[in-house]
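One chain follows as structure tokens, the form predicted on its own.
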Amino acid sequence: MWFYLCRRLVLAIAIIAIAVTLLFLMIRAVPGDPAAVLLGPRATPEMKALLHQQMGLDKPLVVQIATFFGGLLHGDLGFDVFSQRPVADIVFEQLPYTIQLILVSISCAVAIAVPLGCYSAMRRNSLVDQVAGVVTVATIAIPSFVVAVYALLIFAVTLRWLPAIGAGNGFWDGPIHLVLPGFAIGIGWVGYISRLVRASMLEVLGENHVRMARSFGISEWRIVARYALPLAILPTVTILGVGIAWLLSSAVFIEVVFARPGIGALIVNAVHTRNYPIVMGVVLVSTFLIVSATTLSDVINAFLDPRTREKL
């Protein structure tokens, strides 16, 4: 197991380095001069040249990449060209809001979808299974930003049950402000996870060790919880790890719709102003989260099913 963990760690570091390098090149290829955006239309060529020098944009691209990675080794993500604050401070101020949103949405989705998928597999082709199939497929087909807009209009504007914008303050106010954004992101994952759990559960329930457990008179719910679910949940764990990228992209729209702080809203503003240090800082943190999530999902799968350790 330790050898497997070391291999996954080395692979994760290599993926982060390659992804950050490619994204660095893509960001530099975006048309537009950040100095012109910052200084305005009345900026002189001398002022632009000075700002290029301060941002390091006057150096060759290879030198810029080497400087960026050299700063990473010391925990330096650069400085924001607007506020002159460290990029790391700005990004990590906004990161907890996005992580809270993702954790709430995916936790609620798993709490609903896993029991629903298990029950649908145990009552295959029943009325509950058919209704659940129709509802879950419908939730998959609806984009998260559409759910966000209608949830905002219904529950915040019309019914006035929940707050519309912001992240809230205080012990109770913060979680209340997470209800609508978390619902908008998590509702689609209820469909994905429940259908995946149902399909995996049907396959596992037909295996020999489950039949043997039934022959000993063990109750069906205990068979599902102890013998079937640990194996049937493996594809779901993998999907959740890969789905962090989808969750982060959804958080961009959700944070804009609900005017929430977070790295999604931060990167949108940074792209509009060509604020390269902020964009690279958010991209780096997002890449780290995605790679960490996929690595964690692989480790959990390896722990639950030792046969997967030999596949890497």
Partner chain sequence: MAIVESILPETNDAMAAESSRTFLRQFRQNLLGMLGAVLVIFIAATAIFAPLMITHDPIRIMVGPRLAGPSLDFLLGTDQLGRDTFSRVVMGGRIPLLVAFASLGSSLAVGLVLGLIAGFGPRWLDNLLLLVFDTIRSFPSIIFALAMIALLGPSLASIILVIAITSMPIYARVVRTQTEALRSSEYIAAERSMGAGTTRILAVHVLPNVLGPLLILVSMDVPAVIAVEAGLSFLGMGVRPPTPDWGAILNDGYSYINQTPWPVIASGIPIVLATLGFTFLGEALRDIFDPKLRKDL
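Positions refer to the first chain, counted from 1. None of the values given here were measured: they were computed from a predicted structure.
The form predicted in complex with its partner chain exists for this protein as well; it is not shown, and the discussion that follows is about that form.
Every residue in Val104, Leu127 and Ser297 with a non-hydrogen atom within 4.5 Å of its partner chain in the predicted complex?
Checked in the predicted complex: no contact with its partner chain for any of the three.
Where does its partner chain sit in the predicted complex: which of 108-116, 211-219, 141-149, 230-238, heavy atoms within 4.5 Å?
The contacting stretch is 141-149.
Heavy atom to heavy atom, is Phe68 within 4.5 Å of its partner chain in the predicted complex?
Although its partner chain is absent here, Phe68 would stay clear of it in the predicted complex, with no heavy atoms inside 4.5 Å.
Just to confirm, Val252 within 4.5 Å of its partner chain in the predicted complex by heavy atoms?
Residue-level check for Val252: yes, a contact with its partner chain.
At 4.5 Å between heavy atoms, is Ala293 in contact with its partner chain in the predicted complex?
Heavy-atom contact with its partner chain at 4.5 Å: absent for Ala293.
According to a 4.5 angstroms non-hydrogen atom cut-off, is Leu23 in contact with its partner chain in the predicted complex?
Answer yes; at least one heavy atom of Leu23 falls within 4.5 Å of its partner chain in the predicted complex.
Which residues within 192-206 place at least one heavy atom within 4.5 Å of its partner chain in the predicted complex?
Stretch hits, in order: Arg195, Glu203.
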